[in-house]
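Only one chain is included here, represented as structure tokens and corresponding to the form predicted alone.
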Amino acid sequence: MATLSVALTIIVQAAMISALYALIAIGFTLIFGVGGVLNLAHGATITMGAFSAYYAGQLGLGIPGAILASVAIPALFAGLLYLGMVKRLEEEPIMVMITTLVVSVVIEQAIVVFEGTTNRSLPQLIEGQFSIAGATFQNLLGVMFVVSWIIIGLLFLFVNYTKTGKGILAVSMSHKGASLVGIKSSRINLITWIIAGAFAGIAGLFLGSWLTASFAMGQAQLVLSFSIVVVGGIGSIRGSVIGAYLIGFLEIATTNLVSSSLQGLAPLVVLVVVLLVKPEGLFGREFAE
């Protein structure tokens, strides 16, 4: 009976947390899939989302203000980062990686200067617990699961059934082909960065509310994002969702059955195995110029 309870806990907890992992990874893979560059400031944008919610709470704006701040500020930051720096370096992916890495370090150090290294508590989005077959879980995890899947579902609808979404698909397939039919790659890239920033902010809000907010919280999420998109195939949204669940289940099983100190090891192990066996990932594809 105890074994069944542990198994149920692992399955439900992994399903809920993996949904958030998918949301984190989709923002990362969207930018590469459309623009062909890696955003190493993705983790710092997650951190920005968490601290935006924290400051909104400190200003007495309540939960609605915290939610709005955690989405709007990272989305605006991502858009400005693209327009101010990345757009000028799009033809040089290595420079984009270096630039976004430097930006990430600057953000983290700025938080250290203003807030120190002490973890900060965010406004509690929702309190209480719920039970499934005797196993108890936080309501926050349930909300995190539902909201993450609603956002992922809306993204799929947006990409497949709107003019802008089809523009995103076109640019991801071929920048030259998209330009020939009148699609402006720079506009599509800007939209993609804003979406990715908003996703990162939402992830930061949930992570900060579930755990706490810290200046370095985005580092682990950047490694997680990279691991997931490599497993799923860089540039593949479907691959990111599947990769998130694969890594999420392995991580939760490892922490519950072996040791909680191994939490960050699962993504790295899967990453190494995939790079050795199937470097293009589960659903990787080549992108046209």
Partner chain sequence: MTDNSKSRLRLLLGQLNPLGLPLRQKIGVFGLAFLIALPLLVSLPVVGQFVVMILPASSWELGLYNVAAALFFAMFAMSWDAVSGYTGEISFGHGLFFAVGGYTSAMLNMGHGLSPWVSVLGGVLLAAVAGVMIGVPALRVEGPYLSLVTLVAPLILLQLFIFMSDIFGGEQGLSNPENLVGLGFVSNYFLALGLFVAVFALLWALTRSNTGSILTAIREDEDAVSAAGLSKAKFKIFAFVLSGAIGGLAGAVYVHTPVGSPTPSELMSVIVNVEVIIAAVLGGMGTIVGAAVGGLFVAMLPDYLNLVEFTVPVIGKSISEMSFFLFAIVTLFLLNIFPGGVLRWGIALGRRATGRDGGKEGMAADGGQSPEDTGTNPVAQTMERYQEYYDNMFGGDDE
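Residue numbers count along the first chain shown, from 1. No experiment lies behind these values; they were computed from the predicted model shown.
Keep in mind that the form predicted together with its partner chain is missing from the display, and what follows is about it.
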Please pick, from I132, A72, A216, L101, the one residue with any non-hydrogen atom lying within 4.5 angstroms of its partner chain in the predicted complex. L101
Give me the residue from I252, A56, L40, I242 that has a heavy atom within 4.5 Å of its partner chain in the predicted complex. L40
Is V230 a contact residue for its partner chain in the predicted complex, using a 4.5 Å heavy atom cut-off? yes
Using heavy atoms and a 4.5 Å limit, would one call I234 a contact residue for its partner chain in the predicted complex? yes
Within 4.5 Å, heavy atoms only: does V113 come near its partner chain in the predicted complex? yes
Interface membership of K87, its partner chain in the predicted complex, 4.5 Å heavy atom rule: no
Candidate stretches 242-250, 57-65, 219-227, 43-51, one within 4.5 Å of its partner chain in the predicted complex by heavy atom: 219-227
In the predicted complex, do A170, M173 and G182 all reach within 4.5 Å of its partner chain through at least one heavy atom apiece? no
Listed by sequence position, which residues of 49-81 have a non-hydrogen atom within 4.5 angstroms of its partner chain in the predicted complex? none
